[in-house]
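One chain comes next, on its own, written out as structure tokens in the form predicted alone.
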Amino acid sequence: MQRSKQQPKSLWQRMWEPKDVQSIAPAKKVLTYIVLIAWTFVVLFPLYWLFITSFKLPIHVSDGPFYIPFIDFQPSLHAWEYIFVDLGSDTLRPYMNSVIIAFISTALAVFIGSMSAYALTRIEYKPKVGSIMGFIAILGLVVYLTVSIKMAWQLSLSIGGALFLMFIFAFNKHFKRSLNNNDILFWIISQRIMPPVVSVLPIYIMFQQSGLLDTHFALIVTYMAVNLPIAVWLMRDFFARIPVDLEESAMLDGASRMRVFLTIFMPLAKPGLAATTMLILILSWNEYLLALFLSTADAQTMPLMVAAQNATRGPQWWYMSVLIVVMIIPVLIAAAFMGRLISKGQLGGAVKG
């Protein structure tokens, strides 16, 4: 029998069918690029608008919109001169405050959160409910002694610590009901679910009483505490994927838990470490509410300075644009660096697998 000749494919079929299993159909490729280009425009146009606004005079902003420099409007360095020449140190100080506070608090939150996540994945904790309630009661007593009776916080804290130790040694063995690691993890993440405005007033009073208000230390500790639950929650998932055999082999060779954590877990969780660091850095860099309550002049950060450009005559968009353009530079540099770490970590994991 004579074989029937294969009918040539139509143009429509060639457009929607890939040449092989490793390629994409031409029509789908075109649609993919159209969607990507459109989304890129959506993402980058606000940044472009922000950048060109920083070179506009107030009249250009008021009478706009003007889109293209040298065609729609004549660019001017008026806003840049005001921010960096007229204000000078008033701009540099909040900028350096943001760099110091955001990066140090992020490093502390990620490191302490990673250690906590490692402990929750490898060590079984069973804290007694009665001991926890006793700690809360003693903490309330410390707050009462400090705020109401005006006792020095060092003395009240020492009294509270001594009472808690006595309470643990005397009553802990009589308590039966205990919690587990999942309960601890839920309590940790619940601290982030709680709105910061609920706790900002007690934090303000605490630093005011201790004389640490409007200092780098106050903001670093607060930012670290607020973002610590995110670090624990995210890093726990990455650590849970690491096989237990690696840890057991290292400990059989005499490695301590800290050495296992630093030399095995941290390198293997590099993609998660980079992603967590980037997220916490962004949250710390853009934090406004806590900085508003805990700083006035010495520890003022960039979000406060941007908000200060909303003067009595209305928002000074040209000044805001300059400050925001300068603000996003460290974040973009950190994002590029963290992106490379994530890519290298994923590639390393693929090669090891």
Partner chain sequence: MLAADKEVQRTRAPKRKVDFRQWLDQEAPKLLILPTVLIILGLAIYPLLLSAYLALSRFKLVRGGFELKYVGFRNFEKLISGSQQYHFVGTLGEILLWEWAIISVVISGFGYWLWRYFSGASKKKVTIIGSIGRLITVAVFSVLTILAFTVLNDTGRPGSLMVTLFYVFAGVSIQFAIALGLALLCAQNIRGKNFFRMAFFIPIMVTPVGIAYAFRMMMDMSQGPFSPVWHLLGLGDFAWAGDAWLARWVVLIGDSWQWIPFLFMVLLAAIENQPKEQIEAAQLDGASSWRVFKDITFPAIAPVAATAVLIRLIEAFKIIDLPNILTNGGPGIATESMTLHSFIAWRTQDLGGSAAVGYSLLFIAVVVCVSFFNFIGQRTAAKGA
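Predicted, not measured: the structure shown is a model, and the values here were computed from it. Residue numbers count along the first chain shown, from 1. Just so we're on the same page, rigid core means the largest C-alpha set that superposes within 1.5 Å between forms.
We do not show the form predicted together with its partner chain, though everything after this point is about it.
A single residue from the set 96, 166, 147, 250 has any heavy atom within 4.5 angstroms of its partner chain in the predicted complex; that residue is 147. Among the residues 244, 170, 71, 197, the one placing a heavy atom within 4.5 Å of its partner chain in the predicted complex is 197. Under a 4.5 angstroms non-hydrogen atom cutoff, its partner chain in the predicted complex has residue 315 among its neighbouring residues. Although the partner is absent here, residue 293 lies within 4.5 Å of its partner chain in the predicted complex, judged by heavy atoms. Heavy atoms of residue 120 reach within 4.5 Å of its partner chain in the predicted complex, making it an interface residue. At the 4.5 Å threshold, heavy atoms of residue 112 reach its partner chain in the predicted complex. Shown here without its partner, the chain carries 162, 215 and 273, none of which come within 4.5 Å of its partner chain in the predicted complex through any heavy atom. Interface residues of 279-310, taken as those with a heavy atom within 4.5 Å of its partner chain in the predicted complex (partner not displayed): 279, 282, 283, 286, 288, 289, 292, 293, 303, 306, 307, 310, in sequence order.
For residue 142, the Cα coordinates differ by 2 angstroms or more between the shown form and the other one after the core has been superposed.
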